[in-house]
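Just one chain is shown here, as structure tokens, and it is the form predicted alone.
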């Protein structure tokens, strides 16, 4: 009992310190262009903002896409073997200059910091190839991430993504707000799963499928999402899907041990020329 009380008091103190830090940093947030203010406001209201790499118009986009094509050519293609649970192929490309340069573009960092509300950490980049699957498992289950209180992941589609490619799908925040009964029903189901995730049929008991938002789009579609706040998953697919994931939290995050996968040896890294390696010795990279 004493341990439970001590844990609750620690959580309460941590939350108070977090709220105070938000209040103090509010006056130091970087200025935003009007178009970027729309991204932040939409994230706060719905948890997701969808745009395109062309509309963002970042200076380093051309080099990013060239580097992505090179790395994709080295990845495995989907085979025709019937499988129910085929794991994705993931490369950690944080140390490839073209990827980290795009992820640290000044405009992107300003958007993320204004949403998170605190100094931020850019943890890194995953290049991901998802294969056809017939069963829901892993990130195909509906889930929420837990690295921090707010997490921004920027997903870039590198191929056209239609329904059969398994698009990113989410439930808008407006349907699962803290003050709604749906919020607690969903958390109960997540708790029952050990926070591993829930299947479509379980979610339908709380949120009818007609309210789920599927993010289809051509290559170059960009999705900003708070993966802590928004219930989300990748859908079942019959064709492979190629994406980039850029990951940001507050600096430091609440659970830094969950962030190391974006730069350590959890996943393979491509072989690099020395000129392509980014040292990332400042506080932005790797948290």
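Numbering follows the first chain given and starts at 1. The structure displayed is predicted, hence computed values, not measured ones.
Only in words, not in the display: the form predicted together with a small molecule, which the text now covers.
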Heavy atom within 4.5 Å of the small molecule in the predicted complex - residue from 143, 185, 164, 213: 143
In the predicted complex, residue 139 touching the small molecule (heavy atom, 4.5 Å): yes
The small molecule contact at residue 229 in the predicted complex, heavy atom, 4.5 Å: no
Residue 168, heavy atom within 4.5 angstroms of the small molecule in the predicted complex: yes
Exercise: residue 234 in contact with the small molecule in the predicted complex, heavy atom 4.5 Å: yes
Options 36-44, 49-57, 23-31, 239-247; stretch whose heavy atom lies within 4.5 Å of the small molecule in the predicted complex: 239-247
